[in-house]
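Below: one protein chain in two forms, given as structure tokens, structure 1 then structure 2.
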Structure 1
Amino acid sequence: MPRMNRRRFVGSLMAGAGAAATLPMFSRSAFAQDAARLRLYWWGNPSRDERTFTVIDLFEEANPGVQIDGETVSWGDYWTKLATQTAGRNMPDIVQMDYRYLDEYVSRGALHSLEEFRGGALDLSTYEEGPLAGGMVDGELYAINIGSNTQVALFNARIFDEVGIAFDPYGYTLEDLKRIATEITEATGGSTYGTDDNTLAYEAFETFARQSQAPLFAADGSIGTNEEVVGEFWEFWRSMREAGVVPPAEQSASLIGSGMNELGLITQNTAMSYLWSNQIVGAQSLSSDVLGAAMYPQKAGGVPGQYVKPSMFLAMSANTEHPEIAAKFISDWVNDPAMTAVLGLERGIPPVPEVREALSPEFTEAERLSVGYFSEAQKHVGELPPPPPPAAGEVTDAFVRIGTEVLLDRQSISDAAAEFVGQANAIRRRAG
């Protein structure tokens, strides 16, 4: 054996490492010949990731010879990575899908129709009709809704009790909100404002526009709202600012894009914040006070504006080599008692009644609030709007951008409303 000098030492180290690295590779590829390997891709958070990996383990145990590789990233990177993988014909077999992108992926032929598996590998016998509709594109089933969701106005129940606020959480109007917010601001001596300022809250505007029967996007994807409705919305929140019952404008402006822990409701800067119903459990865990749930305020003389949104779907890649296994996985995800028990309410309200019932004895306070609110709100919501058209996200961004000018009094409301409608139309035209 030649004398070991430094170079030789490093060389042999690397050779050893190389051999060690190739060994398991070979053994795995030998094994892969009889195992079916699928990839599952989702966006989420640590709690969701843990639940999902557990579900994968359960499925693998029940189906020997199947291996599911989980891949997860945050929402911000999710669509970039999925689009790139799809372009490279490397789309994961099963993907978590959002209502906004479903049409786009179907129209580009990236998703596998699920019709052929119905009644076979995909058991939908106890699955509710309403949630099912969200996954249909042109009358054909492409995605399975794995949890529903609706807008929610969360309020600080302790403060509401102490101040003695009485209101109907499912029927109060914007004028009621103004009265409530004034009472709270006065009773707390201004240390807690009545509510968050919704000037920049796109969901609040979307609800208001639907209540005014001028939804932002019409059924054909064109801009269905007008300057008057946009102006009326911003006027209301300006009157709230002038009354001093929402936080100062600059404070609200700086909260854009910040996390849930900075919400007015959580920091107790305000007594009311606006979220989605699958965030109730998360918000409660951050709040030291007990929270209550209400719908968004109604518009006097308006129609219902909120809706039940399919919050997430599972869909199948058109290029998957194992469509039957993928279909079975999706089916078990919504039906299997062990798997649904692990998933809980984390992704939204489960669409199978038996699953909801089986879960209920284990509910925490916050989960009970979430389910109770959801089932009551369901009676007061409007129809599911069509999926947002291409570039809808850009229109949302323009709303926030121009809304900031209104919020900070840098532009008159009538000018800003006209500019927003103009830009929204231009963005839609450019997207084609």
Structure 2
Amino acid sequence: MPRMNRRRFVGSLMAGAGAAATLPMFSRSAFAQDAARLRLYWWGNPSRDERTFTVIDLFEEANPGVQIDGETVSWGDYWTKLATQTAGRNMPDIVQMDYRYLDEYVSRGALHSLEEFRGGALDLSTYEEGPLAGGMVDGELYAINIGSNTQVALFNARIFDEVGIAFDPYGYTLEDLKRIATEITEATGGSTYGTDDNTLAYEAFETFARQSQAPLFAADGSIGTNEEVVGEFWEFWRSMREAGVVPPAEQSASLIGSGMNELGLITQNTAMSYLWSNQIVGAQSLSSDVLGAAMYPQKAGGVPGQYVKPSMFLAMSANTEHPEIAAKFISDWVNDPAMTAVLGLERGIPPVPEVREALSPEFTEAERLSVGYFSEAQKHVGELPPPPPPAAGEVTDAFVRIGTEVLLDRQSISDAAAEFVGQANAIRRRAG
């Protein structure tokens, strides 16, 4: 992407950021005399990529002699490429990290501890303690949460209003969801199904398992769920298919790994889709109708299943040749008013109160929805689980692969549930 385009983009973002953009720009850095080249790697989308390249430009302007090379791919390709780079000792200096993989990369020795930079290059003086804890492994800080997040069921507010759907978005049950989906499907003559089919949605299963007090991963990293819970989850979504209130199985299976623009909610094939709260703004930008936000449905009699999660982190490679500069970049990312004005809420709710306050006067309606939903949802969530253990990604892949057999009715639920739990245990034992 040409730098001229990025300069133009920052001008439009800063103009739209209002009060936040009027705050002082950061001062010239102590690194001004150092010639250094670092790599920054993230998964994203066009909007995120533009914002990220812009903050790179801002950092470079404040730090003459420092060059940050940006590298970005889609989520589906990100972890394969990062694993390959890490194995080849070619990991980028600064990487976007997910909570699911944090423990795994720490255990590999791939990440540089950030403890030595606290109070120096890494300013955490106004950073909230809760979000900070998510980046710690065994009591040591390895990653900085750049936005807090929780699961969300987004719905088409126009369709819900036209059909006359009444429900508590923070306390409805799975049976309520079936009722809602039935009313919408019938009222629209089947042109819009009530909800996406979550048979393959790992996050939906994770929430359900926690509600069942049988989380997928126990505190010690072993498999904590069981065949009964897995089977119960898949049985519910089979009942939704049998009722005809979710899309046909083949259609749902074809969406594995697809982008946000192909969600049923965006194409108006369904009235509800399931995402993370930091994706509300992006989803609204793709939707021709106003969206509403609800928590995931509750299992009757279950405990809270959702949790507030770091939407993503910035972490530093253990092999970086410029750790002080990398730490300063991460620090400016979460603190500097010029950079945070560009970043906005796209990666989640900022964990620095002064940043949120500076951004709030210029929030769009979608951003207000995101912050309002997040603020209320926090009152109804459970505790943050420990970071997923090594090979958690393989367990997720097994869930989707075996779940596809259930979705397409090629394997019984009881057999599939037993196979998944067996494979999940084997994966974890192999990973150690």
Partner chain sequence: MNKFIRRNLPGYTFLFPWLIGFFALALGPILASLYLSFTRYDILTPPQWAGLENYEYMFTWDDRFWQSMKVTFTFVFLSVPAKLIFALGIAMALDKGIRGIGLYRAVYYLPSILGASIAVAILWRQVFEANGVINSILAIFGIAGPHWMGNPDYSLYTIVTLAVWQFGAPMLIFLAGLRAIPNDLYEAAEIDAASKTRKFFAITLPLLGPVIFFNLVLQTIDAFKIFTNAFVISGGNGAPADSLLFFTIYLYEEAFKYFRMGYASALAWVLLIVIALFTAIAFFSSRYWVYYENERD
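If you're wondering where the values come from, they're calculated on a predicted model, not measured in any experiment. All residue numbers here refer to structure 1's sequence, counted from 1. In this text, rigid core is short for the largest set of C-alphas that superpose within 1.5 Å between two forms.
* Just one of these is the form predicted in complex with its partner chain; is it 1 or 2? -> It is the first structure that is the form predicted in complex with its partner chain.
* Pick from G147, G264, L343, I280: which one is at the hinge where the rigid parts meet as they turn between the two structures? -> This hinge corresponds to G147.
* Asked: In degrees, what is the turn of the smaller rigid part relative to the larger one between the two structures?
  -> Here the smaller part turns by 13 degrees.
* Please state the CA displacement of P64 between the two structures in angstrom, with both forms fitted on the core. => Reported C-alpha shift between the two structures: 7.5 Å at P64.
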